Each structure stands twice: as C-alpha cells, then as structure tokens.
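Starting off, we have a lone chain in the form predicted alone, written out as structure tokens.
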Amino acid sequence: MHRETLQRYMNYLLLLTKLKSEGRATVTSDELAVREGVTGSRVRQDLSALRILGKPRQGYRIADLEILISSMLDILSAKPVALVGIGNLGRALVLSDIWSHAGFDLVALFDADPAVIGTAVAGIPVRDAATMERFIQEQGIESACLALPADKAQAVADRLVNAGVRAFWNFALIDLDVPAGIIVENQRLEQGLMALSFRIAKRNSDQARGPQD
C-alpha cells in the first residue's frame, strides 16, 4: 500500500471518530471527500477495497467503517511496546493517550540515568537500560519507541534488534541502520515545524500579492 493511501485511511478513521462524537450514524463518500480534500470517486475506491459498499442516499454506517479500517490498520488489539529515553520528550509520550488509540500497549520504560531509574511515569517503572535485552526477550516485545539523542540511538537500536525488536518508532534525528525486514517509522518533529513555517510564509506572500487575474 502506498504511503498516501495509508494516510487517507488514517485520516478517514479520525474523521469517523469525530462524526460519531457528533452523534452521526452514517456518512457519505462525498462528505468524506470534502473533509479529506479528494474526490468522492477516490473515497469510494478506497472503501470498496475494504469490501464495503455504501447505500444510495444513506452512505456508510460509521460503526462498520470504523471496525473495518481499524482492523486493516491492526489497532483493535494492543501490541506491547517499550520506550527508551525518559527525557522531556519521552516523558510527554508516556503521559499521552496515543498508545491504545494506535493499537499499542506501553509496557516498559528504559533509561541510563541513575536519577531516573527506579522512578515511575504514569505508573510504569523506569528500568535500567542495561537490563533491556533480557526484559524484552522475556516479555516478547517486538516494538520500541526511541526518544533519544541522535548520538545514542544507533547503539540502542542495535541492542534492541539483537534482543528481538522488529519495529521502531524513532524520534532521534538520525536514520537508523537496521537489517532488512526491520521496520522504522521516523517521527521528525522539526520537519513538521519547518512545513508550518513554509505554509505561514506562503500564506502571507499570497495575501500580500492579492487576487490574481
């Protein structure tokens, strides 16, 4: 599946959740298209791939779409994940509610700082990073989140791969060098800010030029 298609499915799911919170039970492809900024035909093709068809003038049942998209994204059952790096970013991630919404169960925290080891964040104990391999192997954890400085991330990733981790959510400002078959999802926060800065500058420039003939 192309990245753009995957992004659309995730956006559909967010839209469906919002509509359901508004008391809606059904939605049309054209409504989803307008909110997503694509054509109704594109939405119908995406949803037909899930083997669901809308009813004329009624559209799709939101509850059915939620289940189908959530199942396709494999977020209905929680997969155990460990987080390494309990600095400001790592702590904020632990305290957020994103894990269960995205199909993960945050079960372990690791850090190398003696001042942090032995404390707890959101009720989860912070373990010594020296014990990572043994704990991950014992618990069968295959996913890890890295909230580390760039100069620490590769060495930690190598250790985790050797311990059995097969997927990374990487916040470190480095492209991890991992064996074939290991999944890496990079989260570049500064790129999001750069994109925001560009869009602000473009909007201001467009407004300064005024309407074009």
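Counting begins at 1, following the sequence as shown. Keep in mind that this is a model prediction, so the values were computed, not measured. Rigid core: the largest C-alpha set superposing within 1.5 Å between the two forms.
Another form, the form predicted together with a further copy of the same chain, is not on view; read the next lines as being about it.
Based on heavy atom distances of at most 4.5 Å to a further copy of the same chain in the predicted bound form, which listed stretch, 51-59, 174-182, 38-46, 25-33, is the contact stretch?
Flagged stretch: 174-182.
Just checking whether residue 166 would be counted as a contact of a further copy of the same chain in the predicted bound form - the rule being heavy atoms within 4.5 angstroms.
Yes, contact at 4.5 Å.
Test of understanding: in the predicted bound form, would residue 73 fall inside 4.5 Å of a further copy of the same chain by heavy atoms?
Taking the distances in the predicted bound form, the answer for residue 73 is yes, it comes within 4.5 Å of a further copy of the same chain.
Would residue 152 count as touching a further copy of the same chain in the predicted bound form under a 4.5 Å heavy atom rule?
Output for residue 152 is no: heavy atoms all beyond 4.5 Å of a further copy of the same chain.
Report yes if any heavy atom of residue 209 sits within 4.5 Å of a heavy atom of a further copy of the same chain in the predicted bound form; otherwise report no.
Judged by the heavy-atom cut-off of 4.5 Å, residue 209 is well away from a further copy of the same chain in the predicted bound form.
Go through 176-201 residue by residue and record those having a heavy atom within 4.5 Å of a further copy of the same chain in the predicted bound form; state none if no residue qualifies.
If the 4.5 Å heavy-atom criterion is applied to a further copy of the same chain in the predicted bound form, 176-201 yields 181, 182, 183, 184, 185, 187, 188, 189, 190, 191, 192, 193, 194, 195, 196, 197, 198, 199, 200, 201.
Could you check, with the core superposed, whether the Cα atom of residue 14 shifts 2 Å or more between the shown form and the other one?
Moves: no, less than 2 Å.
Just checking, between the shown form and the other one and with the core aligned, does residue 196 shift 2 Å or more at the CA?
Indeed, residue 196 is displaced by 2 Å or more.
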